[in-house]
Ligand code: SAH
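Only one chain is shown below, in structure tokens, and it's the form predicted on its own.
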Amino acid sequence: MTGKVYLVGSGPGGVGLLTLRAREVIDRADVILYDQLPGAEILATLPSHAELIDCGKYGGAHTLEQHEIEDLMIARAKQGRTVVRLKGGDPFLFGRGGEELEALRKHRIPVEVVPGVTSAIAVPECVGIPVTHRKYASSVTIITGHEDPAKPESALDWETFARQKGTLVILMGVKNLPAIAAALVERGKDPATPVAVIERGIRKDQRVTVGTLATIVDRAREAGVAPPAVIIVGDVVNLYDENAVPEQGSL
């Protein structure tokens, strides 16, 4: 009998933002293939009875290549086991969950997607930055920062992004922050546009660096900004107040 695979989003970090459905399928799993992005707090709660397989990326090196991860899920499911593919945030937002869904369908493996809270919205809001606001932004665009916008073959339309009046949220963009800021300004975005970079969002060592498109690269360099981080570009950043960050996790 073929088992089943669950593509599970663990949220932006911490068990408090893990959904009830995610908790349920994790606790019942026979096999869990996990990334490092769910964070130590969630990974510490993985059941001891399950086979735990580290699929994370560390210092640019992949523990397992994508095709190896997909092959493992398929092989374990064909053994009749319940498999959880555990990812940070939401599995379908820059998490390659769509590719995994295709691979599983190709092999007729039963699959369920368990949505997760995405850091693209949760991390900004937990420091008091709403990605949309009636006065400042009626739209939000979520962009991968993993591509170099200076490359002619980039799939990202930075000219369109520069013209947009709403909020830009960029994930996985710390390494390419200089190129991203330059691409937006070169294509007409006001250099005075506010920018916030939120490192390790929603965790105890969370840190926020603010500036503008003209200054954020230098400020991030001076602060030693490092991944994981969420970058927010737009007027909503002006609502950030380091002395009035909303409390998290208190009753």
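From 1 onward, residues are counted along the sequence shown. On a predicted model such as this, the values are computed, not experimentally measured, just so you know.
Same protein, other form: the form predicted in complex with this ligand, not shown, and the subject of what follows.
Mapping the unseen interface onto this chain, Leu156 falls outside it, with no heavy atom inside 4.5 Å of this ligand in the predicted complex. This ligand is not drawn, but in the predicted complex it has a heavy atom within 4.5 Å of Val230. Under a 4.5 angstroms non-hydrogen atom cutoff, this ligand in the predicted complex lacks Glu100 among its neighbouring residues. Leu37 belongs to the set of residues with a heavy atom inside 4.5 Å of this ligand in the predicted complex. Across the options 112 to 120, 77 to 85, 177 to 185, 131 to 139, residues that bring heavy atoms within 4.5 Å of this ligand in the predicted complex belong to 112 to 120. Contacts to this ligand in the predicted complex (heavy atom within 4.5 Å) from stretch 169 to 189: Leu171, Met172.
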